[in-house]
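To begin, one chain is listed below as structure tokens, in the form predicted alone.
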């Protein structure tokens, strides 16, 4: 299996875009994060490691990583996107608590079946499936 960097380099080459060390360093940091992240968290992790990169550069790189199939948008409930790396991982969905915001990842055969149905019926390209509800703790408090 190719590394995420190899996949991205091939993607850049096919698109006729310039290969930059800055993008590659951002990608490397993304794959060091285990879980969801937002731009601010990614920016701060890079700065802590002495990597000089602007937030604007990160915002410009994320769509390229998404198009290359390396990351996906995972959540927008707090007004900005959260992301996760997906290359090399099995496809999964999210169960999100509307009370506390807890996010649980799950793999079930039925969500993929639903996605395939929606793709055929509505011609959507599904990038994420999220189920919302209330976790046990929030149900107790409600």
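Predicted model, so just to flag it, every value in this text is computed and none were measured. Residue numbers count along the first chain shown, from 1.
There is another form of this protein, the form predicted in complex with the DNA, and it is not shown here; the text below is about that form.
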(Q) So, residue 57 and the DNA: in the model of the complex, are they within 4.5 Å at any heavy atom pair? (A) yes
Q) Is residue 89 one of the residues lying within 4.5 Å of the DNA in the model of the complex, judged by heavy atom distances? A) no
(Q) Please determine whether residue 52 contacts the DNA in the model of the complex, using a 4.5 Å cut-off between heavy atoms. (A) yes
Q: Mark residue 131 yes when one of its heavy atoms lies within 4.5 Å of a heavy atom of the DNA in the model of the complex, and no otherwise.
A: no
Q: Sequence order please: the residues of 7 to 41 with a heavy atom within 4.5 Å of the DNA in the model of the complex.
A: 17, 18, 19, 20, 22, 23, 39
